[in-house]
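Okay, so here's just one chain, in structure tokens, the form predicted alone.
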Amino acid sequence: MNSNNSIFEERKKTRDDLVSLKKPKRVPVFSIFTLEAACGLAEVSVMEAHYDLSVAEKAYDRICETFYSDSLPVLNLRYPPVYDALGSRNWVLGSNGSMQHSEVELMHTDEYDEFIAGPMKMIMEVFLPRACSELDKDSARAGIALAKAFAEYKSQVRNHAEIYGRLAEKHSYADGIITGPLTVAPFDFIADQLRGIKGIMGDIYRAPEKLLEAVNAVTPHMLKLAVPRGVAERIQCFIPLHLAPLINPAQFDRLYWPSLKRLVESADALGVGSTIFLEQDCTRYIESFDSLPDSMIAWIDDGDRESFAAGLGRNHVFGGFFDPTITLARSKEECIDEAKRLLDTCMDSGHFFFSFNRNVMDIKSIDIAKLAAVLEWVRNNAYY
């Protein structure tokens, strides 16, 4: 039972109407802050919070108490204890407590054929040992390290779920736009995890056919990440895009889009919707995203708001755009005016949610009081 059942029921109906493509009574507010931002607000060590989840929970709770949201406003996707157990070289914990992705080339140019023939075999036997020092040992020691890492991962997922559940009950939160697992666009997996940005940009020109075969070969495995066992009701997996705006339209159409479309459509057929984060400006691809199933939700970083509202907003839930860092440079009234302009452009579709253009990662990047005032204003005034 939620601490305030009437608040929860109103939020739940607002969210459920939105994702069902019914016009809700008001625009939902989905705020999202990272663990780093939460620890900054609570003035606790993020390094300590990674390894003592009671510290993390207190920091998350401080976010919940400070900023309005209709759903849980905190998100943590990386667990340092898991990477420690693996001896990770590509995901490392920085001195500031943030997980950082190092640019590494795990797959060499002459390994495409072997990868295409057996992606998981190459990942487990070749690429993971290159990425993780604890797996680059004899099979017995590597097996022990992998088992320890998997046990730690299960513990982290379970403990975070319990924390999120307690906070959701305490603050009467409904579900948000991300309720399922994380997966990635197949092209981005090859680029970010195997070839590196420099390598993938060369492959686009030197070996596009091999690259396309590799993207297609890994797509079923990205689908497995998106769809948990025993899907009982519609959930939303999370697909944060990366390189889509950095390649030209012809490359996007040939190498990037077909596998992403297949991933989203296949997940939809299995009862899983996709919440896609459109990093940077993807305005030129509105027509492509509009062709996806209506279970696709677009969380948008930047772009032509009118075009998104008129195009994507007809058949899909969409939101984002609001840059919380403007609170450092503008008055409270100017920040609220910016929110008003965004709502004036986007809310007529009836499918719009108010959110930031990306996670707040550093609490010092915002003015806390001004951002809190913006969120409260939207909650109290953005009614249809």
Partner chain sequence: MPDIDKISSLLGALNEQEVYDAIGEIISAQPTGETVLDTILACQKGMEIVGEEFEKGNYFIGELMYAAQIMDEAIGRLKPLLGTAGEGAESGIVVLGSVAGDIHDIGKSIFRSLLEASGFQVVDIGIDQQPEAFVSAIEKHRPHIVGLSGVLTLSIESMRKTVALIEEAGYRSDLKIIIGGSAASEEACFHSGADYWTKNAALGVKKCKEYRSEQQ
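Just so you know, these numbers come straight off a predicted model, no measurement behind them. Numbering follows the first chain given and starts at 1.
Omitted from view is the form predicted in complex with the partner chain, to which the following refers.
For the options N359, T66, T345, S349, the residue carrying a heavy atom within 4.5 angstroms of the partner chain in the predicted complex is N359. Among the residues P119, P245, P181, G311, the one placing a heavy atom within 4.5 Å of the partner chain in the predicted complex is P245. In the predicted complex, the partner chain stays beyond 4.5 Å of every heavy atom belonging to V157. Using a 4.5 angstroms threshold between heavy atoms, V231 stays clear of the partner chain in the predicted complex. Contact check for K198: a heavy atom falls within 4.5 Å of the partner chain in the predicted complex. Remark: K13 does not count among the residues lining the partner chain in the predicted complex, judged by a heavy atom distance of 4.5 Å or less.
Stretch 328-336 is the answer when you ask which of 55-63, 22-30, 311-319, 328-336 has residues with heavy atoms within 4.5 Å of the partner chain in the predicted complex. Contact annotation for the candidate site: V92, S95 and Q280 all lie close to the partner chain in the predicted complex (heavy atom within 4.5 Å).
Residues from 364-384 that approach the partner chain in the predicted complex with a non-hydrogen atom closer than or equal to 4.5 Å are K364, S365, in the order they occur in the chain.
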